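Heads up, the chain below is alone and in the form predicted alone; it's given as structure tokens.
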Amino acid sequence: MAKNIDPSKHDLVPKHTLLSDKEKEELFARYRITFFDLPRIEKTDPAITHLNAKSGDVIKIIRKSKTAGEAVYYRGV
């Protein structure tokens, strides 16, 4: 019998956060990109299901890096 496991609590899953509309616009302006320039992540991805993301949202992913300490990535839902 499967238990409900929250993948976001696992040590190997990087931190995923949902950007607000203001943060999204700042991201697009800073890098001069549009939503369609971002790599995709499915809204059914186990790492973001707890965020209740919908199409058009942007997810910020913070990964641990041996060289930089932290590396930030963005994905469009």
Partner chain sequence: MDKLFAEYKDKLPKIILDELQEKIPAKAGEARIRKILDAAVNEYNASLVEPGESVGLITAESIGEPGTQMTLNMFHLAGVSEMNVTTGLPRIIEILDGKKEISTPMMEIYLKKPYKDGKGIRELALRIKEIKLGETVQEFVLSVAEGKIEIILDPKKLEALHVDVDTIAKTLTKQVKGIQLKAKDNTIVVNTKKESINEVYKMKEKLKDTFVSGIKDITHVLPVKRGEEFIIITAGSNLAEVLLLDEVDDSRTISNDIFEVQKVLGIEAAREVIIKEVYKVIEDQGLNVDIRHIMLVASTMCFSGTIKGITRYGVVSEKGSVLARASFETPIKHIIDASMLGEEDQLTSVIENVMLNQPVPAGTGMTGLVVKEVVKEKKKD
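Being a predicted model, the structure only gives us computed values, none of them experimental. Numbering follows the first chain given and starts at 1.
Although not depicted, the form predicted together with its partner chain is the subject of the following passage.
Proximity of residue 47 to its partner chain in the predicted complex: non-hydrogen atoms within 4.5 Å are present. Not displayed here, its partner chain is kept clear of residue 22 by more than 4.5 Å at the level of heavy atoms in the predicted complex. Residue 41 belongs to the set of residues with a heavy atom inside 4.5 Å of its partner chain in the predicted complex. Using a 4.5 Å cutoff between non-hydrogen atoms, residue 55 does not count as a contact of its partner chain in the predicted complex.
The partner is not shown here, but in the predicted complex the stretch 54 to 77 reaches within 4.5 angstroms of its partner chain through a heavy atom at 61, 63, 64, 65, 66, 67, 68, 69, 70, 73, 75.
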